[in-house]
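To begin, one chain is listed below as structure tokens, in the form predicted alone.
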Amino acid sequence: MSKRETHALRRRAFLAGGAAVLGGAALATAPSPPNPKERTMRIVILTGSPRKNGNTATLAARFAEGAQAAGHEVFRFDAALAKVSPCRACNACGMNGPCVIKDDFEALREKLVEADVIAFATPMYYFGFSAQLKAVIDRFYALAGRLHTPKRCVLMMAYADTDARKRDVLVNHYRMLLDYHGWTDAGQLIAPGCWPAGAVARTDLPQKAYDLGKSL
């Protein structure tokens, strides 16, 4: 066999990913691509409840514990405890630049851009996100150009009613938000019939929130 033929045969064996012995030399198997579940991800949790120990706050905390147990980085932003003004529709940002409003949202801007996962945790107020969280979402406008990147999202919500039709309004808003940015849903935890603080603790959802965070 000529040297050229030997070289070609070695190259085909390597590209096939198999180990072969040619002329007494062992060719190592090509390394497998990294498993995305094995890399550290940056996760941003946005909460909207003004109750520090509310039902969605419980879900958010358990979700964070699961994600941290899996080795991921977690940044939590409690919208109800922060000072975030609503968007003024001035368009000075051009949907892809600095916002003229300088408030607590500034601490969140780069975290959102860099995030691999964004989790929304909110009670349903009048069939939508809480006003506190909605103000944060509206401020996404100034980052729109930088947020159109692959991300996964999670929705955790609680509502006092048990009628699925009523929760669908908020869920559809969430889905439209993902569709607009090109993001992917990674899971939804819906807690119906949870009005008093602590009600969700009597369900299996806190454990499911932990499991979801750990599975990312």
Ligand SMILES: Cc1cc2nc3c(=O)[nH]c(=O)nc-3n(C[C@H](O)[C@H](O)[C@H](O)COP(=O)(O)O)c2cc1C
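Sequential numbering from 1, following the sequence displayed. Quick caveat: nothing in here was measured; it's all calculated off a predicted structure.
As for the form predicted in complex with the named molecule, it is not shown, yet the points below apply to it.
Participant: State the residue from Ile43, Val154, Leu46, Ala57 whose non-hydrogen atoms include one within 4.5 Å of the named molecule in the predicted bound form.
Facilitator: Only one listed residue qualifies here, and that residue is Ala57.
Participant: Can you pick the one in Val171, Ala160, Ile190, Ala69 that has a heavy atom within 4.5 Å of the named molecule in the predicted bound form?
Facilitator: Contact check passes for Ala160.
Participant: I need the one stretch from 83 to 91, 97 to 105, 124 to 132, 111 to 119 whose residues put non-hydrogen atoms within 4.5 angstroms of the named molecule in the predicted bound form.
Facilitator: Only one stretch qualifies here: 124 to 132.
Participant: Applying a 4.5 Å heavy atom distance criterion, does His148 contact the named molecule in the predicted bound form?
Facilitator: Contact check for His148: no, nothing within 4.5 Å of the named molecule in the predicted bound form.
Participant: Closest heavy atom of Arg51 to the named molecule in the predicted bound form, within 4.5 Å or not?
Facilitator: The answer is yes: Arg51 has a heavy atom within 4.5 Å of the named molecule.
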